[in-house]
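The chain below stands alone, shown as structure tokens; this is the form predicted on its own.
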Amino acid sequence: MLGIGKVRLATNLLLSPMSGYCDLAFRLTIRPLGGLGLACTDLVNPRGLLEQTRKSMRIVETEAGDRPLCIQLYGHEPNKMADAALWCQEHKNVGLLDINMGCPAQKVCRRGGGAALLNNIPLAIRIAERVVEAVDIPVTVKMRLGWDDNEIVASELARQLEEVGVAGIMVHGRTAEQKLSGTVRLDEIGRVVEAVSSIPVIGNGDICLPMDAKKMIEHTGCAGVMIGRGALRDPWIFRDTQAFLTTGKAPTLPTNTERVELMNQHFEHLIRIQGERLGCLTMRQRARWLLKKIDHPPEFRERVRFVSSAAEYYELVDEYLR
């Protein structure tokens, strides 16, 4: 069990916020598999939330079976961030809020949000302090090590964030400049763990197998791990990692049929939540990840990538299973 402020999570395994992937349909698909302690939404802009734009409402869409949930905010205006945090608390009944200080995407950084805050520590602290003051639920921060190798600021930033009341730190062991290149730096994550006194630090980056999580926890002393791309490749990774961490053994791998059935469940959630047209478009995007662990002929993958109706999708799957 992992505690973040007053919230107690069943496991120390978290789903990372991933732009364009960790929506309600995906979260509802992987939760029943087990092992997931907390899921997080995609990052959302406070102005969009307060104006209730269609895009922002879709990002924070949730329902009763989608718990526990964390909404992630990004931006550079302390008061707007605080107002949006309060809106989330009052309207979405979420357990936690997270402030993004790690996204390296240009569209986020050019607005002064995400990893751009690593270049302005005083502003980053003001934002965190205002958000913590605005809400009654725990506030966490997800960050990277720094903007580049010349400015590794994660340890000092984490220390100051703890002082203003942040309840937990999620740290991706790369710089913003690296994006997803190179390998995660476990020693630097360990330094962040050492920099705080009483709040949990969650490590993130390169968790593709249960033993990767075990290695990160043992090497860094972090309280848990956050998994992103590894969950897209293999949605059972939370179940398997939880079993491996507690018993030293991972469960039997899912069969091809079980993996296809999970893909079907995901498609059903997409159709119900987004409608048939958008659901099919999203499945085209997701198929390349969901099929990575499924033995299939190349033409099946290509045909799924161009599916345009639910009937066409199920016909393809039935043909594959036969």
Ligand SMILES: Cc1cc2nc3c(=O)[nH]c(=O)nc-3n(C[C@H](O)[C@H](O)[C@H](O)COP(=O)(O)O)c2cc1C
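Residue numbers here begin at 1 and follow the sequence given. Note that the structure is predicted; figures quoted are calculated from it, not measured.
Here the subject shifts to the form predicted in complex with the named molecule, a form of this protein not shown in this document.
Asks: Please determine, with the chain shown alone, which of 19-27, 295-303, 5-13, 308-316 has non-hydrogen atoms within 4.5 Å of the named molecule in the model of the complex.
Replies: Result of the contact check: 19-27.
Asks: Heavy atom within 4.5 Å of the named molecule in the model of the complex: which of T220, S155, T241, N204?
Replies: Among T220, S155, T241, N204, a heavy atom within 4.5 Å of the named molecule in the model of the complex occurs only for N204.
Asks: Which one of G228, P200, G95, G112 is close to the named molecule in the model of the complex, taking close to mean a heavy atom within 4.5 Å?
Replies: Residue within 4.5 Å of the partner: G228.
Asks: At 4.5 Å by heavy atoms, is each residue in D42, N100 and K142 next to the named molecule in the model of the complex?
Replies: Yes, each of D42, N100 and K142 comes within 4.5 Å of the named molecule in the model of the complex.
Asks: Tell me, yes or no, whether T175 is in contact with the named molecule in the model of the complex, where a contact means a heavy atom of each within 4.5 Å.
Replies: Residue-level check for T175: no, no contact with the named molecule.
Asks: Can any non-hydrogen atom of M211 be found within 4.5 angstroms of the named molecule in the model of the complex?
Replies: No, M211 stays farther than 4.5 Å from the named molecule in the model of the complex.
Asks: Heavy atom within 4.5 Å of the named molecule in the model of the complex: which residues of 50-74 meet that condition, in order?
Replies: If the 4.5 Å heavy-atom criterion is applied to the named molecule in the model of the complex, 50-74 yields only Q72.
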